[in-house]
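First, one chain by itself: the form predicted alone, in structure tokens.
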């Protein structure tokens, strides 16, 4: 199905039975929901998505019972939500009825959880042979660590990224953002789309096993290859590059609103270095006996970095970055969020959308999908309330009568 001015939802017609929770999983199914798929988030009071209860909250004076925290709202736009008690035979029957009408089933539980409910892929393909099932445990569904769980900081550490970050002789620095939570979802989405393509060609469903640990480790790329070939465990490099210098971030003069200003600078070859030294006319950095060639700059890298920092610390970062960029030198401002959002009006207009909660009291600023197709981004709806679509899904989609639905509620199946 092509997307155009009259069709901004290319995944419309797909249905996802979504057991994802926390961040990494919902950030994947959100891609499908925003682009038009009907994503039905499955929860229960026994297994409430914990991200509903943690994160940044609106002020108490504005909140209502319908208000979400910012993280849940950001990861679950455009979805529907139902409740069902999966620890009951009747609850499993409800879910199997939903899966029979779904194209995709997703979860990021530990490796054996769905099988223990009788909802493993071998069970489900009997009722829906064309089903695509993606499971995204931290450690995958096989091996001795299949039942291990973790959160983003653990996964980043397990994947080797923390160890690779920091300066020589110092402890691992790691990173502030939960990078694995926002990397693994796109591996998952691409795998599901590939499986959909395969299904359209062959009629066959597929089981997709994605270990968040492996998805995170794969981001190290060349370091993994270096160790595989040479058994080299890389030292923490700080901001240096193994092949050329300078390559790093350097302090600049404080700005009125921010005393922590830095310039990112990279000189790839001797010609660029010559342009740089001619432009700044600094006597220390113009010393050809120490810095004329890349080999010399690598040899005297500490002295080089100190001299550059001494120069940049006396200059305003935006003016200096612009001056260098005008000469074709690879340089840029190390931006904070106020720079990202306030200095670039296009970013705020194109990448963010305001969504209001059901009560109309709180407006959340939520990021859009970064992809634009035929100049359009994905249309978005607000995140669902807990069990908001129970009646609609149970009666309209699954075919329960009003009396049957009331019986499920009375029995605590819908809880």
Partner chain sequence: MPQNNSGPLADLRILDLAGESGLFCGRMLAELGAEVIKLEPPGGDAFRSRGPWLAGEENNPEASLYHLHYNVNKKSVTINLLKPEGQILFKQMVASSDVVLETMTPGEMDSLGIGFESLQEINPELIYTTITPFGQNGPLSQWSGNALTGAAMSGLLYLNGDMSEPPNQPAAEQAYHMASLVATWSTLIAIRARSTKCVGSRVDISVQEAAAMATVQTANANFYTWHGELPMRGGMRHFGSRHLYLCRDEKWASISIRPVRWHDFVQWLNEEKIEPDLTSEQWSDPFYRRDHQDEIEEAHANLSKKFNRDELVRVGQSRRMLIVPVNKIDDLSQHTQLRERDFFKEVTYDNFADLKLEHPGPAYQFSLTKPPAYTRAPLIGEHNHYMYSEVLNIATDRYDRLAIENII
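Rigid core: the largest C-alpha set superposing within 1.5 Å between the two forms. Positions refer to the first chain, counted from 1. What you see is a predicted model, and the numbers here were worked out from it, not measured in a lab.
Just so you know, the form predicted in complex with its partner chain exists too; it's not on screen, but the next bit is about it.
Using a 4.5 Å heavy atom cutoff, 14, 31 and 374 all lie near its partner chain in the predicted complex. Contact with its partner chain, judged by heavy atoms within 4.5 Å in the predicted complex, is confined among 89-97, 235-243, 281-289, 302-310 to 235-243. Although the partner is absent from this view, residue 52 stays clear of its partner chain in the predicted complex, with no non-hydrogen atom inside 4.5 angstroms. Interface residue remark: residue 82 is not counted as part of the site for its partner chain in the predicted complex, having no heavy atom within 4.5 Å. At the 4.5 Å threshold, heavy atoms of residue 126 stay clear of its partner chain in the predicted complex, well away from it. At a distance threshold of 4.5 angstroms between non-hydrogen atoms, residue 271 is out of contact with its partner chain in the predicted complex. Comment: its partner chain is not present in this chain, but in the predicted complex one of 294, 277, 153, 107 has a heavy atom within 4.5 Å of it, namely 153. In the predicted complex, the residues of 329-343 lying within 4.5 Å of its partner chain by at least one heavy atom are, in order, 329, 330, 331, 332, 333, 334, 335, 336, 337, 338, 340, 341, 342.
In the core-superposed comparison between the shown form and the other one, the C-alpha atom of residue 121 has shifted by less than 2 angstroms. With the core held fixed between the shown form and the other one, residue 187 has its Cα displaced by under 2 Å.
Superposition on the rigid core between the shown form and the other one places the CA atom of residue 88 less than 2 Å from its counterpart.
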